[in-house]
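In the block that follows, a single chain appears as C-alpha cells, in the form predicted on its own.
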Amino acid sequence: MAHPKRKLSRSKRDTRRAQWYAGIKTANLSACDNCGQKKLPHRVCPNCGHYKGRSVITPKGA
C-alpha cells in the first residue's frame, strides 16, 4: 500500500475539508409563489406560511 511521504499539517487538511463543506452548504433559494420572499425549495414559506399554492401554517409574525 502507498503511504504519504510527509505528514499533512492540520492547516492543510482543514483547509481542504472546509472547501468541500462550503460547496455542500450553499442552498439554492427560490421565490415564494404567494409573497415573493426568498425561501428554501420544498419548504413552507416562513414569511406567509404557503406551500404549493395553499396556506399550510400561520406565520409567527401574523
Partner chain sequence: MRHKKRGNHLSRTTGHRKALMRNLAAQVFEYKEIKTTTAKAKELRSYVERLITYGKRGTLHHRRLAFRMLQNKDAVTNLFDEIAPAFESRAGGYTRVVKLGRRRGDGADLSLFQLVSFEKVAAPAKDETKKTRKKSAKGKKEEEKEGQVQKAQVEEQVTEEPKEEKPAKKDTKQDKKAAEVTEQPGEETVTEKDETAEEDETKQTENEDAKDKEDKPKK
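For clarity, every value in this text was computed on a predicted model and none was experimentally measured. Positions refer to the first chain, counted from 1.
The same protein also exists as the form predicted together with its partner chain; that form is not shown, yet it is the one meant from here on.
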item: Contact of residue 8 with its partner chain in the predicted bound form (heavy atom, 4.5 Å); value: no
item: Contact label in the predicted bound form: residue 30 to its partner chain, heavy atom within 4.5 Å; value: no
item: Residue 23 within 4.5 Å of its partner chain in the predicted bound form, heavy atoms; value: no
item: Residue 13: touches its partner chain in the predicted bound form, heavy atom cutoff 4.5 angstroms; value: no
item: Those residues of 42-57 which, in the predicted bound form, come within 4.5 Å of its partner chain by heavy atom; value: 42, 43, 44, 47, 48, 50, 51, 52, 53, 54, 55, 56, 57
